[in-house]
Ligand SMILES: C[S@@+](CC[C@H](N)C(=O)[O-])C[C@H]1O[C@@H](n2cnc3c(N)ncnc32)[C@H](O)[C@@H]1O
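We begin with a single chain expressed as C-alpha cells, specifically the form predicted on its own.
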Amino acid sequence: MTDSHPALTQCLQQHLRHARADSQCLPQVPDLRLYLLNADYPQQQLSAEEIEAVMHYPAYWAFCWASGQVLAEFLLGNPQWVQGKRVLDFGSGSGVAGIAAAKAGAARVIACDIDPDAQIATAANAALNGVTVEVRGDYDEVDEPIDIILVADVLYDRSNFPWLARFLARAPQVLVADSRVKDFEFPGYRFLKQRQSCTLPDLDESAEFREVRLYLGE
C-alpha cells in the first residue's frame, strides 16, 4: 500500500485534485525517502484550470529537484562537510539537503523556506527520515551562528544572485548546487564537481538541466 501524507496530500489537492504526497525513495540517495507528488500523476492530462492553478502555486516542495538530490548525495558521501557543524538549508523545499546534513552528523540543522507548505513538507520529511530539522520561514530571523549554508536550485532566477554575497557574509562556507546557470561566476565561489541527475518525479527535462554543478563559496 502506498504511504501518503494526509496533510501534504490535502495541500496538493487544493490545486491538483488527483494528486497525492507519496513517500518515495530517491534513486541516487536510497537512504532517504521524501513525500513527493505521486509518480503516476497524469502530468500530460492537466485541465486548463489545473495548469493555471499550478502556475499560481508552483509546489516546489512536491519534487526532489536534480540539484537537491545531488547535494544530498554529496553530503552523505562526504560527511566531513557538515559533521558537527551548524547548518542552514536555504530555500529548503522538500528539505532534502538539510535532512541529508542531519543524517551526515550535523550538530544542528535549520531549514528556511518562505512557503508554508514547504515548511510542513520539510518537517514531515525530517520525521520520515528520523532526524531533527528546525523549520523557519524568514531567513532574516535566523540569528544563530551558522557554519555552512546549503543552497540547491535557487539560482533559476538571476534576481536571486545577490543572495550569494549575503550567504558569504553570513557563514564561512556555502555549498551551492545548480543545474540552470551555465556561466556561473561570482566572487568567492569556485567549481567543485559535476554530477548527472534528474528531478523526482521525472519531469522529462532536457539533458542540459540534468547536469548539476556544485560550487563552494568561502
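Computed from a predicted structure; not experimentally measured. Counting begins at 1, following the sequence as shown.
If you look for the form predicted together with the named molecule, you will not find it shown, but the lines that follow are about it.
Here the marked residues 92, 113 and 153 all reach the named molecule in the predicted complex, each with a heavy atom within 4.5 angstroms.
The shortest heavy atom separation between residue 35 and the named molecule in the predicted complex exceeds 4.5 Å.
Among residues of the shown chain, residue 99 is not one whose heavy atoms approach the named molecule to within 4.5 Å in the predicted complex. Within this chain, residue 41 is remote from the site of the named molecule in the predicted complex, having no heavy atom within 4.5 Å.
Contact check for residue 64: a heavy atom falls within 4.5 Å of the named molecule in the predicted complex. Looking at 25-33, 168-176, 181-189, 154-162, the stretch with residues near the named molecule in the predicted complex, meaning non-hydrogen atoms within 4.5 angstroms, turns out to be 154-162.
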